[in-house]
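Next up: just one chain, as structure tokens, the form predicted alone.
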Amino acid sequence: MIVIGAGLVGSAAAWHCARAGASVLIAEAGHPNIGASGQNAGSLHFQIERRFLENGERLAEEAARITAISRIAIADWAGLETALGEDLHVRRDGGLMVAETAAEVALLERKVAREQAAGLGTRLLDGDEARRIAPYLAEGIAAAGFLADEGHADPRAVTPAFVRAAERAGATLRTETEAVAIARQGGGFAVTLRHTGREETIRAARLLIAAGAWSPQVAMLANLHLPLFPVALTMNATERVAPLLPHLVQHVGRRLSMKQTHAGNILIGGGWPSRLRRGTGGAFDPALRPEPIETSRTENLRAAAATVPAVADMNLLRSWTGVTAITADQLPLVGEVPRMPGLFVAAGGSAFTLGPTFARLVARQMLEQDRAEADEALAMLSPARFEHLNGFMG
């Protein structure tokens, strides 16, 4: 098997396949964890995200189906540190999605009702109840959805731990190794890899593309469209402070996520944009660091201070930008490509929170282990929903 991409999903899938006895090669164009897997803020957000709620009821209703994967992911994260034998700084003291206005409270109520119907243990709290759980919240918070399973982990620890586990299980990692050609051959694939100017063709029965925002370019080598689009985001970190924020905090009406790391920094994000850079050909290039947008930083910090007033007295330590990828319907893209049996993809949004679960399920598909169960779990995320885009590819 060949896995292209040594981010969280790629390295985790390689681990599952290798420990099941498969021969696995991980080809990474750069180095492990340099993309979105290592640049994100580490949220474990199992409640329905705000981005699914801000574009109308139809999308919100469709997105509610992803809670089935969230329930599986809750269990996967519970046993991950034990399975890998490493401290990933996983902390799950609960998560709050807060609301201030009457309209936001109504939106929150509908969201919580969807989650409860889907089997998540989200509870709706009024403002006073929320402040009893989280006394750091502003007086203006009128309600909150609380899910005890939410929290955060350290993105700088998770992927390296999966890489080490995959290598211990027998997987081979090749860094600075770029896929430059993919061809069907003998019921499998011939993948040409380039390293330090030299090319080598490797044959494999199964191929997984898990290259994040670079996945569409890799799929093009196999003459396939993957409808993934790069998105540039902004994140912020305060100085280290005494323990204040044990929960993951999000806002149903503002772009905001907050949590406190094991080192004491408050990480502040929530989907505020940065500006993608264009490459020499004029197209957006996910390999280039996005340009910061000053209003994104200031508005993100303003939302944070309005929700947790103590943040206003903290020094901002740094801001950074990163690139992730989303599909047209904002749901991840995970599973086998129907037009090309044996080729699998795992990319798209929520790949930190849900990444270990995506990896485990797609590995089952690749290994043909409990395949029907994995197919059912991933059905709504399958590349089959975009198969019409490849109807003209030949």
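On a predicted model such as this, the values are computed, not experimentally measured, just so you know. Residue numbers here begin at 1 and follow the sequence given.
What comes next is about the form predicted together with a small molecule, which is not displayed.
The small molecule in the predicted complex comes within 4.5 Å of no heavy atom belonging to Met366. In the predicted complex, the small molecule sits beyond 4.5 Å of every heavy atom of Arg50.
Heavy atoms of Pro383 never reach within 4.5 Å of the small molecule in the predicted complex, leaving it off the interface.
Although the partner is absent here, Ala14 is not a contact residue: none of its heavy atoms lies within 4.5 angstroms of the small molecule in the predicted complex. Only one of the listed residues (Leu120, Leu224, Leu207, Met235) places a non-hydrogen atom within 4.5 angstroms of the small molecule in the predicted complex, and that residue is Met235.
Comparing 80 to 88, 139 to 147, 177 to 185, 126 to 134 against the small molecule in the predicted complex, the single stretch with non-hydrogen atoms within 4.5 angstroms of it is 177 to 185.
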